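Next up, structure tokens for two forms of one chain, structure 1 and then structure 2.
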Structure 1
Amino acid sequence: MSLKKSISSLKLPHYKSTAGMAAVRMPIPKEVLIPLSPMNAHHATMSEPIVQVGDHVTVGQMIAREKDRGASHIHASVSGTVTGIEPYAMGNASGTAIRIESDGKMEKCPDLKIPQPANLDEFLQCVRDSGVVGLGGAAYPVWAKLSAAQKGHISTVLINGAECEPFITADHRVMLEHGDLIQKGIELLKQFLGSEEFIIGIEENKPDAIAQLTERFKDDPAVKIMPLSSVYPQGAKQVLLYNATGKVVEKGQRLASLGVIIINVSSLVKMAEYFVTGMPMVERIITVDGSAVKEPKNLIVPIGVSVRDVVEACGGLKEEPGKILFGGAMMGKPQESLDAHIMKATNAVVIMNRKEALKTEPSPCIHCGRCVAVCPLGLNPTAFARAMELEDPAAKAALLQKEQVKVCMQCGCCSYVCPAHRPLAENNNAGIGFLRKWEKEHPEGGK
């Protein structure tokens, strides 16, 4: 990694028109289809259903159990009847989902209890039971991240409130509307992890959140509110870590080895909410925006609701959709239609009109080096492109390994600055997928 004073310098238009809009709860949907993975990625893992078609379920009832550290418990987000356990396509992956027909009552599970952990192990088990995952996009189970405290001391907790992607303001609203739960979450981590330092990193384009949290924690010397430059991708793990603490995480190194963990501010709030109410993760705040959306909003939505229902809660579409994204304009995952369903990791639905969604035809690389200069991690996307053109799989894998394609955070900066409009980010993603598959098939071929 090539280090600079700040390892990010890309200025993007913010398009945060919903920043001043408090989150509102959408109407109860007629049904939900809850994917058994928290995100639509090729490496996502599935949870195992524990209900059957015909079962009556209530809000907060566990309907699928995690199978490994990459999965999470899944809970019913509406009360009603299980009408299907069926295949579900999720972007570039496929899996299973549970369909629930709502009875319109939103009846809470009678077995829910406010957890009362007595030690770290019990605390981690409670977080595990909550089903809370990383809500900034990664969707890694929060309990698994916090479990690093069992192996060593976590002195610093870095709370990610950067929210650097265009359009998205869900974390911003969480910071403004749920400061009490941020405080509760920090108290829990103080008590059970024994951490002494908490840094809440917030981009400077959110002065109201910075002011409000500064006031809330003014008498707590353990908590520091850190304004950060409004640059992209400020919220990425490596960038946030360096710009907020000056520390660097190397390839293959775990943050915990530096005595640090990073947790998204919405994840922290959802975790704290479970310890206050006993309700596991069944809903979240998302931003709905884009040129095709009639009434952009921040909405509180049940997990598994369709994009079609979400759009209806925003007054419908004012133009024919050209592109539907889960997430922001830079790292958002394209969806095939309005029939996609909200996952735990979905922090925004951005719907562009056809004109904005039109792709500019790429032209040959002019070797300007802008993609290398703008990469926060000092990688060379043109080398990845050369590798993907090789016909020999072994040679392709060797070059991708040499150029460290798996270090790429897929932020999209390279594509954004490319004057030839080459699909560099897409190529990087393809390279990562190819190399993962090749290394799995050739374990002796190097890691």
Structure 2
Amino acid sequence: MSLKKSISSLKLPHYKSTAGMAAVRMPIPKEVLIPLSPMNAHHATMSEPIVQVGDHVTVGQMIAREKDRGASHIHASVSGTVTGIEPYAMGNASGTAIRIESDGKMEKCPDLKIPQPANLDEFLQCVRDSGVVGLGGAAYPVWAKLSAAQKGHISTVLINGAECEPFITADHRVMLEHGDLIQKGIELLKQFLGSEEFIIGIEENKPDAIAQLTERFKDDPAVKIMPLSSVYPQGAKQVLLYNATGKVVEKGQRLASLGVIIINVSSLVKMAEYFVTGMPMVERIITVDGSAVKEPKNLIVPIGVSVRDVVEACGGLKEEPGKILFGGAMMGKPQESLDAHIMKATNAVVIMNRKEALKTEPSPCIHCGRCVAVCPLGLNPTAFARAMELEDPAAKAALLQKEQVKVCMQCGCCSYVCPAHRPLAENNNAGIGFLRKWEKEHPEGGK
């Protein structure tokens, strides 16, 4: 491995002032609005409601059933009455959400049982019942990811505790506070997937988590704690995989075909929690931070709680908000108002003040090459920009294909470094969108 070339990356300001703050439970909200999709995404993978307006529900009770592989079961996060099943805007797509008025009791669903799976199929079914999805952002159901083990042996489980995004410390807190559940999760995967190697990748800016977990697993040769340099985007799939194992997912390949799966540390813990308590995914730890937030915190919040309530639990706003993000400062998704609701894959709420939210007007590209030098995947964002300026759609598609815009993972490093402040990441995204559409319309020339 000594000849291994290093992946380009970015040293970012961390803004992780909440790292030392233990997660605290927020007050029981009066109401939750639970979107029937695990995240605010373009793909509207929805679940089907199985309750009706007026129904009484309890914490952990299933209220919506998954409709397809991308969706997950949804469970009531508070006890109370269903007061609405209503349309809900999610990014560019529209979806549905279930509104529950809380009775303030947080009464547990009486039907919950501690699952006792006997084999892989039963185990996967249990994980499916838990409703746990990838909590690092992708929101892909964990059972579907683990089901790769039905097709081929998964020898290595890469547990992602990098948390390279500025502001977010939720995974960090999970690693500090739930080492027991990490251990439980690893035992489950050992037992049912038969994996031999567990690598927990953690950025060096979390020395306490590295120390604690190293101590916890010192007698387990299967578990390796791997300190990673604190650079962005260390936690991205391709980057983490390469830095931790030296492997690369080539074009057309699936990660599982390498015998590897990557699971976010919080997802692993949520999954393990279900096998300890029988409680499906109804709450999570989020980081609330940003210049406009009075008291930044790590909060344990019920899924579906409004940003307004979350902010309230953090002492309110100290400044007029300019931008509300679900996620960190690099890849966070902007929200339209304080009336957005926390979803399963929401790992942070970052609220910037108006001044920080303003973007500098772009100036012409000076061809400095910083975007190319920083791209972790070795792409050329200026070529995508050139392509998007072309009038002829066929020529545009051809150049985008040649420069392989679809490899781009939207990490945003190119935009961050651009001295001309050009919206490169945004342009890459537009390029991906254009090319997908074009290839669909031109299946022949879509090579």
Partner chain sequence: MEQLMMSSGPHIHSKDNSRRIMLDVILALLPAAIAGVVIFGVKETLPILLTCVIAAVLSEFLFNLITKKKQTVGDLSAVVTGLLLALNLSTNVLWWQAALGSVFAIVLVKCLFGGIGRNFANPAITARIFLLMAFTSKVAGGVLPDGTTGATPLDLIGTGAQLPTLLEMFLGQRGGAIGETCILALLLGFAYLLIRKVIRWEIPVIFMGTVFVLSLLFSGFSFETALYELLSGGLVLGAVFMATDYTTTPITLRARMWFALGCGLITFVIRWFCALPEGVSYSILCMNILSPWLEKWTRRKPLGGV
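Just so it is clear, the model here is predicted, and its values are computed rather than measured. Here the rigid core means the biggest group of C-alpha atoms that line up within 1.5 Å when the two forms are laid on top of each other. Structure 1's sequence is the ruler for residue numbers, which start at 1.
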{"query": "Of structures 1 and 2, the form predicted together with the partner chain", "finding": "2"}
{"query": "Core-superposed comparison between the two structures, residue 400 Cα displacement 2 Å or beyond", "finding": "yes"}
{"query": "Residue 14 C-alpha relocation of at least 2 Å between the two structures, rigid core basis", "finding": "no"}
{"query": "Inter-form CA displacement between the two structures at residue 435 - rigid core frame, Å", "finding": "3.0"}
